[in-house]
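To begin, one chain is listed below as structure tokens, in the form predicted on its own.
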């Protein structure tokens, strides 16, 4: 669910370190450089990258620019192909049976381990090419005044993917705004040791 939905879950981040002033005019080009690449006509298992906040099919920002007032907005699109284990097993078994027939005609009694691995890889590629990738989009809103960034997801793996892609694109590192960081902001660094010494309490 995105930020334009009635409700959504999100993760907040802050940027670690200073942001060079030269970065701001480069942001549209950097987004395009790391934009989503379509895999509909390939057998690739996964593809991810930035797309326009207003249109998930637009990876060149023709629909709308990323700048919206004091915010930079864009989305992380992730397309994934999935093959069920049952389908994979069925087609691998068929391929293996065909291979057994072939080797028996050559007077052999078994298929080597390397050949089985090769058959499994070939089966996976063939099935990948026949299945359509499933798209998912996760909105990103960057407040350029406070430099707080909002990602419309709380999934651990997705957050890690976003953090890596953000660093790759902008040469900036992110830190999640956890309750610990929020408490540190309120108390000040002079009381960090007291915060570190706090022990958790179980309420159930």
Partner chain sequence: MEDAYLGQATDIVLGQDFLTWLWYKSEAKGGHFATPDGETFAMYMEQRISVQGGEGDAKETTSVSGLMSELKEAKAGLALGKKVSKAQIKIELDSDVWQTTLKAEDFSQTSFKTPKVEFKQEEGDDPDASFLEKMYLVERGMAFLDAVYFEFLKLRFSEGWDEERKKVRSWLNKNGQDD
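Only a predicted model underlies this, so the values are computations on that prediction, with no experimental measurement involved. Positions refer to the first chain, counted from 1. We call the rigid core the largest set of C-alpha positions that still match within 1.5 Å between the two forms.
As for the form predicted in complex with its partner chain, it is not shown, yet the points below apply to it.
Peer 1: Just one of 42-50, 29-37, 60-68, 165-173 has heavy atoms within 4.5 Å of its partner chain in the model of the complex; which?
Peer 2: In the other structure, the partner sits against 60-68.
Peer 1: Might residue 19 be said to contact its partner chain in the model of the complex, defining contact as any heavy atom within 4.5 Å?
Peer 2: Looking in the model of the complex, residue contacts with its partner chain do not include residue 19, since no heavy atom lies within 4.5 Å.
Peer 1: Though only this chain appears here, would residue 141 touch its partner chain in the model of the complex if you measure heavy atom gaps against 4.5 Å?
Peer 2: Yes, residue 141 sits close enough to its partner chain in the model of the complex that at least one of its heavy atoms falls within 4.5 Å.
Peer 1: Does any heavy atom of residue 23 come within 4.5 Å of a heavy atom of its partner chain in the model of the complex?
Peer 2: Contact check for residue 23: no, nothing within 4.5 Å of its partner chain in the model of the complex.
Peer 1: Is residue 73 part of the interface with its partner chain in the model of the complex - any heavy atom within 4.5 Å?
Peer 2: Residue-level check for residue 73: yes, a contact with its partner chain.
Peer 1: Residue by residue through 83-110, tell me which have a non-hydrogen atom within 4.5 angstroms of its partner chain in the model of the complex.
Peer 2: Sequence-ordered list is empty.
Peer 1: Is there a C-alpha shift of 2 Å or more at residue 194 between this form and the one not shown once the rigid core is superposed?
Peer 2: The answer is yes; the displacement is at least 2 Å.
Peer 1: Using the rigid core as the reference frame, would you say residue 24 shifts its C-alpha by 2 Å or more between this form and the one not shown?
Peer 2: Not so; residue 24 is displaced by less than 2 Å.
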